[in-house]
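Two forms of a single protein chain come next, each set out by itself as C-alpha cells; they are called structure 1 and structure 2.
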Structure 1
C-alpha cells in the first residue's frame, strides 16, 4: 500500500505529459527541428521548478514523510553518457518518444506502442548482457 502514493505521482506525471502533447511523435519532430518553443519550455520550466524544490529541500533540511533525511546520490560520470546518450537520442528522434511517453501512449489508446516498449526491453536486456564488455 505504501506504493500507492508513487502510483498517484505517476498518474499526475502521465496525465500532464499526455495533455501537453510531450508524448506526441509530432512534437518530438518539431523540437528537433527547432520549429517551436513548446518542448523547450516544458523541459526548461520543469528543471527550474525541480531545481528550486531541491534547493529548498536542502536549505530547510526538509525530511521525507517518514522523517528520513533526503539524500540525492551523485551521478557518476562514464563514457556511457556520451555513447549511450547519443544512441538514446537517435532512438528518441527515430521512434519519436522517450520511455515515459511510451507508457503514456499505451494508456492513451495506441496499442502498437507495445512493439516499441518490447524493443526497448530487448535493448535494455542487451545492454545488461554486454555491460562487462562495453567501455565505461
Structure 2
C-alpha cells in the first residue's frame, strides 16, 4: 500500500502518453519518416523540462524527499553510446514504440505489444549478462 503513489503516477504517465498520441505507432512512423513534427515536439519538450529541472536541482541544491543530496555525475562519451543509441533507435522504429509507453499500450488494449515487452526484457537481461565483458 505504501507504493500506491508510484502506481498512480504510472497511471497518470500512461494516460498522458496515450492522450498526446506518444504511444501511437502511426505518430512514431511519421517521426522516423520526417513527415510530422508531433513527436519531435513532445521529445523536445521533455528535453527542455529535463534540462531546466537539472539546472534547478544544481542551482538551488534541491534534496530528495528523504533530505538526501542529489548527485548528478558527469558522463564520459564512448562509442558504445553511439552503438547502443543506434540499436535502440532501430528497435524503436521496428516496434513502433520506445520502452516508455509499452505498458500504456498494453493497458490501452494492444496485446501484441507483449512481444515487444518480452523482447525488451530479454534485451535488458542480455545486456546485464554481457556488461562485465563490454569495454567501459
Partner chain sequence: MIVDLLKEPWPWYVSGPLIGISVPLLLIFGNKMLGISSSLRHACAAIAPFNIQFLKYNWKSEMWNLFFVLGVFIGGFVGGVLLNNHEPVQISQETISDIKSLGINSFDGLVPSDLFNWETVFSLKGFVILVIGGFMIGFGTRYAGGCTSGHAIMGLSSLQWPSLVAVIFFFIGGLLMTHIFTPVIYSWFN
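We call the rigid core whatever largest set of C-alpha positions still superposes within 1.5 Å between the two forms. Predicted, not measured: the structure shown is a model, and the values here were computed from it. Numbering follows the first chain given and starts at 1.
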query	finding
Correct structure when looking for the form predicted together with the partner chain	1
Core-superposed comparison between structures 1 and 2, residue 126 Cα displacement 2 Å or beyond	yes
Post core alignment: residue 74 C-alpha displaced by 2 Å or more between structures 1 and 2	yes
Cα displacement of residue 8 between structures 1 and 2, once the rigid core is superposed (Å)	3.1
